[in-house]
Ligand SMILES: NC(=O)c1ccc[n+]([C@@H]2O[C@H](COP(=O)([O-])OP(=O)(O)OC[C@H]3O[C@@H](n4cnc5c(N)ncnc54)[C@H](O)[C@@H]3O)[C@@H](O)[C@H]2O)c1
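Form predicted on its own, single chain, as structure tokens, below.
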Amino acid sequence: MSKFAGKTAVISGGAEGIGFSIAQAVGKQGMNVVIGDIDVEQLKKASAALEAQGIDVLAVQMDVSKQEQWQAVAEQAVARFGKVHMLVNNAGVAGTPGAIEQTDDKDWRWVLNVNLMGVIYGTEAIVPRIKAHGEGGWVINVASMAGMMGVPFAGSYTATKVAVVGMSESWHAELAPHNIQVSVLCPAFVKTRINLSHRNKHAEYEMESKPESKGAGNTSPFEDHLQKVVEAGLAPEIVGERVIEAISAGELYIFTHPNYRKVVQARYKAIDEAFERSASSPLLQHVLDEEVASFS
């Protein structure tokens, strides 16, 4: 019997794309599934599809940027299934691509509130409930390859995904004594609708003025390119199965695109070379042999 059987997973942004693929994958392992999503119609379709596969599912409309809605989802999950064992912080938006001077404050707030605060609120709501039953569990945060490398013209998206990787590393150490395994999923391009995130953007985040290049009916070359690479991306179903494979092996970093290894290696080579230069600086010789401070 699967070690996941009979346990419960809460998945944000679970109505489609990566979230839905993870819902299917954990459901096949015998888990109860709670899917939260801002899109009501898509949520109904996803719930029906999971039920048709014999998966016990609870579908809840939610906005991950609202702390009280996360608490409500947590309460409903416990009321329906008794316990929660897994959290998948998946919901995210791409933001509006553009140069620094074209980025609107409201768009920044939108991306930060969904991609960063949504993960924080989800973790705050669900982790105490996993701790409470003492059986251990899993926290899976969905970041991106953007969490491992800077992406030009996507500053807000990159900032949030770097933060999610860092928080996951922090929580991995913090929650290990509670038998809660933390993993961070860093996919490259997957065939989802992430590039169409504006379909669910609330009016409070709409830009007061838009650059001329973003007028009605127009898209930027970057947006056109993004559309093409997303359409050619990895099938979401593979991502869900990869998550099961990785968390079963206890992996902290979950990668879905091994072809990006050389890109990440180049980054860390540059970082290592920067350390070498700092070690040769006459200003820093007194620090070379100091003991490294431990935070654990």
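If you're wondering where the values come from, they're calculated on a predicted model, not measured in any experiment. Counting begins at 1, following the sequence as shown.
There is another form of this protein, the form predicted in complex with this ligand, and it is not shown here; the text below is about that form.
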| query | finding |
| --- | --- |
| Non-hydrogen atom within 4.5 angstroms of this ligand in the predicted bound form for each of Gly122, His172 and Gln181 | no |
| Partner-proximal stretch of 71 to 79, 125 to 133, 184 to 192, 100 to 108 relative to this ligand in the predicted bound form, 4.5 angstroms, heavy atom | 184 to 192 |
| Ser156: touches this ligand in the predicted bound form, heavy atom cutoff 4.5 angstroms | no |
| Touches this ligand in the predicted bound form: Ile55 (any heavy atom, 4.5 Å) | no |
| Interface membership of Thr96, this ligand in the predicted bound form, 4.5 Å heavy atom rule | no |
| Any non-hydrogen atom of Ile18 within 4.5 angstroms of this ligand in the predicted bound form | yes |
| Contact residue in the predicted bound form, chosen from Val243, Ile38, Val26, Ala59 - any heavy atom within 4.5 Å of this ligand | Ile38 |
| Among the candidates Val230, Ile247, Leu50, Met31, the residue which, in the predicted bound form, approaches this ligand to within 4.5 Å (heavy atoms) | Val230 |
| Heavy atom contacts to this ligand in the predicted bound form at 4.5 Å, residues of 137 to 168 in sequence order | Val142, Ala143, Ser144, Tyr157, Lys161 |
